[in-house]
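In what follows, one protein chain appears twice in different forms, each by itself as structure tokens: structure 1 and structure 2.
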Structure 1
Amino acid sequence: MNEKLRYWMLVLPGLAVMVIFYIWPVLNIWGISVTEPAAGLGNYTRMFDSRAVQVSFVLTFRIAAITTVACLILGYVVAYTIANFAGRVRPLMLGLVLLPFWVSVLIRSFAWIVLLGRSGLVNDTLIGAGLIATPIRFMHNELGVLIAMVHVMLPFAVLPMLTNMRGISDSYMKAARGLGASEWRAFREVYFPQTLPGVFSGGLLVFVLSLGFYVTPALLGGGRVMMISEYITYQIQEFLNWGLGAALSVVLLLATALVLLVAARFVNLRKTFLERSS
């Protein structure tokens, strides 16, 4: 027993810091949402009546869903190639996935602004080549936000799928081929089902991170594509509306929790989050 107490002495400092300075303040947001500016559920009724809030929530889920699907498709191709075909170029391909992962989100968003802006490099090139007369709007709309978000989230989809695929023995595919299946059929019916845990894992990671994403949508959306995180800061910065911001935060947090709860039926949450290999 004494021994167990000693182990807890090791656990406690970190755990206490996390509970006191993180968990408690986050839970306290609920308190703010029902006390500011006045006690009661006023913020929640106002929020559910607001058309702008509904639009923002729908937009957030739509962008998160599209980003997730795009990342899974593009990421699957990359992960599959690295796991099965790459050979000598494997370290190079892996490096090219990891490099963007380590470059800050702020820098990556800046690069997209430089490319997609009204007088950005893409528009300049197209006009210079005489292909278009007036600049195309790539930014400050959903398209720009989506392009940049897929770019930022892609490594998060590739890495769990790659971990999963590396654990799949190629003897199944060989057996299927030996028994006369075409390569496509062997892939579809034998290989693909085995990769589903990795796909779900990567998809969940991307979806959850996208739901609460702030930096890229705020920079590429230019105030016109307001995902819920930006809506919250907007309420707080422009109107000092802490109560509504807190109520929105509570709902966003609950939405995230709900997604995780539903996902727990299909995804091994422990492998996705706790035992994530970096």
Structure 2
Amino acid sequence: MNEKLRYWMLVLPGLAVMVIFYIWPVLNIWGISVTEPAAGLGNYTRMFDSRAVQVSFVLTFRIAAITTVACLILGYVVAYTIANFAGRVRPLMLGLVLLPFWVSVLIRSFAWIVLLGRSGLVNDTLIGAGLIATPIRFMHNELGVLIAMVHVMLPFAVLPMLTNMRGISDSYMKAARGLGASEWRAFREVYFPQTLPGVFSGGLLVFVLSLGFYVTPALLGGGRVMMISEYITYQIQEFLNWGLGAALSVVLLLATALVLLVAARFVNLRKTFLERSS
């Protein structure tokens, strides 16, 4: 009896936090979606019939997918370099990967506005080098949003892959080379398959976080690249349409849960998020 009591004394505080700060707000949002401005599923009907909502969802998933692919490619190179070639500069390189976590996303997004503006550093450098005659339009389009989002999300791809690569013994590559495999073949057939769990974990983190990202797309997109999170904010702040905004939030939550459910068939989600939290 005492053991059971101690067990529930440990569990109940955490359970109460989950119910108060996670489950109750989600249930409240769902309740608003079916009661405002009138009871029923009218908000969901309007949402699925709206061309603007459909475009926003497609845009959100497209940007999230492109961001994920770009982060995996760049992140794999960075993680591979740190894990295998960094040597004495490994702590410095790892510190540079972690450095963005110490700077607000808002500040980083404003920094990209300064860099990518018509009179920003990027355009001024290209014009000064004679590579272009007129400024390139980086702002208020998908290109600028993608550049900034890749920068923000890149550490989330690097860290899981780096953790995975650090656990791979170099004896496998040495054995492959000793059996006559070329360096490329040893990498392709021996090393790369062992890094796939880290690749899947990093890709999942980046994709899920990108689906609900708000600050960077809102600032760099300038209202012309309206991902679903910004569309929800627009509906609530500009039109006071709480019902539709809540319905969009519920569908986005369900879409994210569906992504996690599908990913669970290929990735150990418990290991992925425990490694990320640690």
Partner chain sequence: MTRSPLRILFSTGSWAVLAFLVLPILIVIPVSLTDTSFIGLPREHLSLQHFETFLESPKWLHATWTSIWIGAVVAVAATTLGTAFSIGCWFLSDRAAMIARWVMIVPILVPPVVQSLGFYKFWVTLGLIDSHTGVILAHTLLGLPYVTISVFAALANLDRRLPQAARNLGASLGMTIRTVIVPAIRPGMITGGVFAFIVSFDEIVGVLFLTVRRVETLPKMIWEGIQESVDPVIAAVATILVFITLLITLFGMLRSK
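Residues are numbered by position in structure 1's sequence, first residue being 1. For clarity, a rigid core is taken as the largest C-alpha set superposing within 1.5 Å between two forms. These numbers were taken from a predicted model, which means no experiment stands behind them.
- Taken from the structure described as the form predicted on its own is structure 2, whereas structure 1 is drawn from elsewhere.
- After superposition on the rigid core, the Cα atom of Leu261 is displaced by less than 2 Å between structure 1 and structure 2.
- Superposed on the core, the two forms differ at Gly14, whose C-alpha moves 3.5 Å between structure 1 and structure 2.
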